[in-house]
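Single chain ahead, by itself, as structure tokens, in the form predicted alone.
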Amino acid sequence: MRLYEYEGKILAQKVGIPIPAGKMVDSPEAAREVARDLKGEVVIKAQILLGGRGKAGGVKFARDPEEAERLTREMLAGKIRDRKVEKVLVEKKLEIIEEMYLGITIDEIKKRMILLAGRTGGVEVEAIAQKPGAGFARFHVDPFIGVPGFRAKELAKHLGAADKGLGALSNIVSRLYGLTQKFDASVAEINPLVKTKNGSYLAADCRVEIDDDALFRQKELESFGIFPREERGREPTELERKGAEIDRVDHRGVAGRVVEFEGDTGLIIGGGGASLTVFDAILKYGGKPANYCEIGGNPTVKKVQLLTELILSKPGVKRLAVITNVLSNTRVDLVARGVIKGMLNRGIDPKKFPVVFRVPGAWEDEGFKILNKYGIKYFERAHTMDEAAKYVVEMGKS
């Protein structure tokens, strides 16, 4: 889950990383008041979950509170990189004498966290870092040791720190790694990390991404006003919000990450790219998906039940397709029980409602016995997902 800049800075401040004075607002009038409190020039920064906002007009400077109000009104009324701006961060303008880069992420090859530090920061730093001689230092973190003090000082020296600044900057290096550990961040990036005229080091911008699979244990985030969400380029619908809540009911398995569409065929699908194949097959045979979602990783009966109830609660849903690839890590009988319980709780007779089940995998014989008992049409692994998709679309037409 990618955080907004202001949310990333909340976490940075919690672990002791200095940030500029400022506040997130969602109205022009509030921006004026914050600018007045900060005294002097301020920067107005659109809060969107995309990079490159500076070049797109998402960062503006205001000389006084009135200009801050005007610029905020313009931002909130428009879009930045096709994203609606709903809030902005108003911060005191810094007197910057140097910009640097400091980030930590996962090296997928080494399977370890990697710290990157460069004397260049700001726009297009990713492209600069790829060039030979760009001067970026890299350090793979041993998870059993972390970032030793001497290593943090080495990186601080690489960034040009000396004397009193050495301790301040090495602390930021250590604390950035601490942020990833405390909040299960897969990415924590300060770009730019700036040195100001008075010799202070501050996180002028902060990007943080939290591991989705660790959100269930990051309850502290909600006390900071940071709530789990999925980035779709728009606000989630009520159905999507409820789906996300279902997925958080239990950490076991995936069942509830829903994307809503204006269709009449409810989908409970899974198997990596197979879910997209099923979605396309439904469209190919003339069906109109009411949603997209995935199940897998052996979700509990309760999660599948709640997901089934949710999808069937959507107005206009006339049929239900429960179709996946062969799932070796998911019990078919548990999925079957969950679907049946969800239908019965909605007052739906499984024998009369158009529903097709094609979920081969572990414990499939037991699952098929349960489905047979309740009169649900099921396909075994000898039949393709495409066949099952075609069947459910035609079944709903009859």
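Residue indices: 1-based, along the sequence shown. Worth saying up front: this structure is predicted, and the values here are computed from it rather than measured.
What follows is about the form predicted in complex with a small molecule, which we do not show.
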- prompt: Looking in the predicted complex, is the small molecule within 4.5 angstroms of a heavy atom from every one of Pro299, Lys341 and Gly367?
  reply: no
message: Only one of Ala214, Ile96, Ala137, Ala168 gets a heavy atom within 4.5 Å of the small molecule in the predicted complex. Which one?
response: Ile96
query: Of the options Gly178, Pro289, Gly118, Pro192, which one has a non-hydrogen atom that comes within 4.5 Å of the small molecule in the predicted complex?
result: Pro192
- request: Decide whether Asp247 counts as a contact residue for the small molecule in the predicted complex under a heavy atom distance cut-off of 4.5 Å.
  value: no
Heavy atom of Phe61 within 4.5 Å of the small molecule in the predicted complex: yes
- prompt: Does any heavy atom of Arg331 come within 4.5 Å of a heavy atom of the small molecule in the predicted complex?
  reply: no
message: Taking the small molecule as it sits in the predicted complex, is Arg358 in contact with it (heavy atom to heavy atom, 4.5 Å or less)?
response: no
task: Choose one stretch from 69 to 77, 250 to 258, 215 to 223, 88 to 96: the one whose residues place a heavy atom within 4.5 angstroms of the small molecule in the predicted complex.
output: 88 to 96
